[in-house]
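Just the one chain here, laid out as structure tokens, in the form predicted alone.
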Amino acid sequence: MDLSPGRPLPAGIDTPCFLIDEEDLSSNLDRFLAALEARWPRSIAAYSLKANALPWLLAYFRDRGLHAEAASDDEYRLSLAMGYPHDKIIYNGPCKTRETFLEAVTRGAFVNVDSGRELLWLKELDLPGSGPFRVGIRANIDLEARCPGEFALGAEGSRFGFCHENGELGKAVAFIRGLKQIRLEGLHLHISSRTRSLAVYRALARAAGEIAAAHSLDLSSVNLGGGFFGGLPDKPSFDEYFREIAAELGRRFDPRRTTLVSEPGTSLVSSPFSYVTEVTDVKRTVADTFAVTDGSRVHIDPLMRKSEYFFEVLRRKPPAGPPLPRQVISGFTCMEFDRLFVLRDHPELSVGDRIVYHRTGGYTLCLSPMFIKHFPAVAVRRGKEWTVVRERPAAEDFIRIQSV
């Protein structure tokens, strides 16, 4: 679809809005699955709901055969509501509830134990005549010691899972082994890194082998999580990630017997999304020139961390004057720091010009607040056709979900 200023967007959609290119999404998924299956044929891909839980996406990945990776009781229930059977749900994270934990384990979902209270919940299932039930366990490793400068919080360390280095993981393994109706079959290693480099995934795969050897684990699956780059020319490709993972895992695990589980999220959904905004006003002050738009940083950078964006400027008409040294592209909110970027050495923008931000699908919809304006609408492009898959909530919708 032509997004040039003056041309209408899909019926029922106004700026700001998100647009999904289904062809781009399909290409990402095809490349991911091809790389995973080529390097480790016995494998599972589970879409990580926390990256973007748009129901259209969940249905799309379900229909393509992916599992769902849920990190909370709400995501677990959403997975079921979207038609994922229990045996195609991987249940992770520290914010499970007792009810959903017990249900997931007994109904055949693959649950990775993350905390001490979950060990006690497992004990409730260790009853004569029940089970056996399979579970996995999340290991906490010191990534910073293994890959200096890579862990997201440096020397502060991760808070997820059971620590391998100080023996807490060994205690948890021993506890599970003491339960007659519980089988420990999986190892989960997912950790946030600064760079998402190949070295991180080599370290995770190597740690999986070390842990399995240290505790004599006979595992049916190893889960290294997600966090991959996707589709950037100067970053590792999917094939490079799985080449490194497979080379390291193969030292300890038999690819004919052990399933490699991967949990892609942003690497699949970031690039297919664009965020379309329009200039609504141009203001000149003693400090700067501000191009005010109907978009906002809260929609595409909710954590306020980005310093640059993939964007393009679409003008309504050819520029009439010389370039301006700088124009501050601002959002619609009342917060002064709702400023997206500085446009340098560019002709002055005019009301009605459009600024389109690309690669905006990762975490944006999940983390965007309904602040001042309601959530933007979302449409999907299939060839030349567009379909609205999320309408902007009306006031009545907001009242309905807030009422008791």
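In this text, all values refer to a predicted model and were calculated from it rather than measured experimentally. Quick note: we count residues from 1 along the sequence shown, nothing fancier.
The form predicted in complex with a small molecule exists for this protein as well; it is not shown, and the discussion that follows is about that form.
With a 4.5 Å cutoff on heavy atoms, Y363 counts as touching the small molecule in the predicted bound form. At the 4.5 Å threshold, heavy atoms of G186 stay clear of the small molecule in the predicted bound form, well away from it.
Heavy atoms of K50 reach within 4.5 Å of the small molecule in the predicted bound form, making it an interface residue. The small molecule is not shown here, and in the predicted bound form it never comes within 4.5 Å of any heavy atom of K96. In short, of 242-250, 261-269, 76-84, 300-308 it is 261-269 that has heavy atoms within 4.5 Å of the small molecule in the predicted bound form.
In summary, among the residues G136, G161, G226, G331, the only one with a non-hydrogen atom within 4.5 Å of the small molecule in the predicted bound form is G226. For the options R196, R206, K235, R146, the residue carrying a heavy atom within 4.5 angstroms of the small molecule in the predicted bound form is R196.
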